[in-house]
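What follows is one chain in structure tokens, specifically the form predicted alone.
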């Protein structure tokens, strides 16, 4: 059996340095149930790698890794990066609509329960993929599925080296260092939780608190015990904490939100509770972390823009004449972006040449100071009465109505007298009550006639994808029921 410690990867060298540095002495990885110190990580990941190799897994393998926010899951990801083994990140099952294991994966590996301190093999479950068909066997690759929030999910190809470069950008932007204490309540099985927080925190040797399926009581309890300085959250988590916080927190150095647009009202309500440290990160599964404001920027800039591009990233806006607010399509050139898309068999769907600008699908404009404002999705628009209507514009106007805590406007099949049908789904705010009929009446005062939703519905909560984004296809399906 080959020695996996021969020809160490750059990540392995960094991790070994982190584990022996005096600056990280006592720093931990924890999920609230199990804890490991950084100086234990090389031994624990070595044990996982030996177990994988005993099952015939090596650099020619590609794994489908089902990973929750747990210490075994974190150690498994660190082990795979140390060795340079390719893998597809598969979120834990969240519904009956499960995506299959890609046919180019040799095995499925699940970070199950167990005690990683004594026997790493008890913390993971390994099964051969009976549908394995070959292809996509290059080492040092990370495969991620897109969220599917705007259509069919695709498999995105990244290199481990590119992911590390992306992580270094986040270290530079957010100030990760050994003294940092990073709480991760978003899934590490997605680009946001893994690439923007977990991997940068690991490279910096910071203490890491992994929270799985967090709620208000769990978060508050772990916050008190762990005392985080860096948190990456979703707008839904910000809303949850805004309702639960009784006084401002002074321990945060940066509180990042991403995944989907946070409403300006929620941003302004939540920002004082984290002592003015809230910023919005812009990115995608394809590009990773792309742009963000700085914690010290003025509130107006942080609440209304995505700041400026990360180090080495370029963004440009291509004018779009039919955009009602003067926006253009946003394109990105990223030094650590993706390499292309694969199908479920492992064959290339597209493989863009280096230095190719990526079409983000978002509409944006650049302010005179260089700050970038994203106004909506280019593909989240409909033609109504001869006008291009951006669904995000409707959301921004209606979310300010009293009683509304969250709103999503979606298009569905079929047409009304004005064009393609659209509907607004509203979740009440704290202590609020959503009267769908009254909201639609207000639409006639606030919106041009062609942008008035054909239907307004009150729902108790938004359906979410595993990434934390609103499941807009599920909302559109409700219109047909």
Partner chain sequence: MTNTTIDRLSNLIVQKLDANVQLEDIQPETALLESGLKLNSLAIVDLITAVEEEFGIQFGEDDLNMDAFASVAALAKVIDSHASE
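Numbering follows the first chain given and starts at 1. Note that the structure is a prediction, hence the values are computed from the model and not measured.
The form predicted together with its partner chain is left out here; the points below concern that form.
*Asks:* Tell me, please, which stretch of 214 to 222, 368 to 376, 100 to 108, 185 to 193 lies within 4.5 angstroms of its partner chain in the predicted complex when heavy atoms are compared?
*Replies:* Stretch with heavy atoms near the partner: 214 to 222.
*Asks:* Hey, in the predicted complex, does residue 352 get a heavy atom within 4.5 angstroms of its partner chain?
*Replies:* Heavy-atom contact with its partner chain at 4.5 Å: absent for residue 352.
*Asks:* Would you please decide whether residue 134 lies within 4.5 angstroms of its partner chain in the predicted complex, comparing each non-hydrogen atom pair?
*Replies:* So residue 134 does not count as contacting its partner chain.
*Asks:* Can you tell me if residue 245 lies within 4.5 angstroms of its partner chain in the predicted complex, counting non-hydrogen atoms only?
*Replies:* Yes, residue 245 sits close enough to its partner chain in the predicted complex that at least one of its heavy atoms falls within 4.5 Å.
*Asks:* Taking its partner chain as it sits in the predicted complex, is residue 262 in contact with it (heavy atom to heavy atom, 4.5 Å or less)?
*Replies:* Output for residue 262 is no: heavy atoms all beyond 4.5 Å of its partner chain.
*Asks:* Note which of 316, 249, 400, 177 lies within 4.5 Å of its partner chain in the predicted complex, where distance is taken over heavy atoms; exactly one does.
*Replies:* It is 249.
*Asks:* From the list 163, 390, 240, 156, which entry has a heavy atom within 4.5 Å of its partner chain in the predicted complex?
*Replies:* Contact check passes for 240.
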